[in-house]
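Shown here is one chain on its own, the form predicted on its own, set out as structure tokens.
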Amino acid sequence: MNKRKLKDKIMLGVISLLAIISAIPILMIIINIYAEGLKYVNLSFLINFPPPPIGGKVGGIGPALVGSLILMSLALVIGGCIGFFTGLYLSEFSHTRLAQYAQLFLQIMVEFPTIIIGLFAYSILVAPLKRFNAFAGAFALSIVIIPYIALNVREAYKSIPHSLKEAAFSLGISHSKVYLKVLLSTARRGVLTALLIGMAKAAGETAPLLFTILGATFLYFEGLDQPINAIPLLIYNFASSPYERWHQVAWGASAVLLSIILAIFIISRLVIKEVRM
């Protein structure tokens, strides 16, 4: 074996080892959460109210689970629409100065502290109404997910061959039909992936909810103008409490939240396939 092949195998082994080492922390987190939390998760845990701090049964996360699903859905409707059309604009009009500044702004937003977004939502939707409310939480989450959706939609449309775009426009139909029907049918996998990534991001955010929804622990959804709970906020509140009973609920809720996020990412990976022309 010559030196070149030996060096190649050594470097390949080092890179593989580093890749395995980098995956160990996330694997340990997943194993720890499931080991501590799955023993509390069952059907009643998903629908029951949380238990009292002392005594009683383990209880459940029913209101928080419903609240998370509502917040995720509403945030996806708001942020998904804005993010989709923003990404479409960035893809098709990338040569304009506005698109260049918008893309830079979106890239900054990806790393933007989400707690500041929560404060912004509080200032315009909570303080004026003098009430924590579900819509404020969904609004904050929609702002958080917009850059993720927009940048991924941009990449989905940019991956469409230029020849296909020319053929679509040569049909003589309106630009809106070209973008939303002809080209979307080709970019649909990338667009769906963008929406799923946004949904997963919304599912796991806690900081924006601290200033917007309050966390109605023992109440189911009563309207968009009323306080609501969510799984990340419940985990934060219960894990920081001094009560062992609530710690158990926090572990179970962590296992449920992790399962939701992993399911979303697994689905997103399954839909990412090369579109063959």
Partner chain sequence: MRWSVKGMKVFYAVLIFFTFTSLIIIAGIAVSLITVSSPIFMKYGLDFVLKSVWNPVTEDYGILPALLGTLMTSTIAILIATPLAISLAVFSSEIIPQRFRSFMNSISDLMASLPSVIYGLWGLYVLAPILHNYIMLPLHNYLGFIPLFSTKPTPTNLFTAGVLLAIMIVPFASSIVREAYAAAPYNLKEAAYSIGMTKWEVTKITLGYIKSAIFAGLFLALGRAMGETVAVAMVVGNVPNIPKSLFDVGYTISSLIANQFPNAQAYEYMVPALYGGATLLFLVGLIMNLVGLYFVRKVMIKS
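No experiment lies behind these values; they were computed from the predicted model shown. Positions refer to the first chain, counted from 1.
Only in words, not in the display: the form predicted together with its partner chain, which the text now covers.
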Is S240 a contact residue for its partner chain in the predicted bound form, using a 4.5 Å heavy atom cut-off? yes
With a cut-off of 4.5 Å between heavy atoms, is M28 one of the residues that contacts its partner chain in the predicted bound form? yes
Contact test in the predicted bound form: H175 vs its partner chain, heavy atoms, 4.5 Å: yes
Although the partner isn't part of this model, could you tell me whether G59 comes within 4.5 Å of its partner chain in the predicted bound form, counting any heavy atom of the residue? no
Using a 4.5 Å heavy atom cut-off, indicate which stretch of 68 to 76, 182 to 190, 159 to 167, 111 to 119 touches its partner chain in the predicted bound form. 111 to 119
Between its partner chain and I82, Y89 and L210, in the predicted bound form, does every residue show a non-hydrogen atom at 4.5 Å or closer? yes
Pull the contact list for 134 to 149: residues with a heavy atom within 4.5 Å of its partner chain in the predicted bound form, in sequence order. I143, I146, Y148
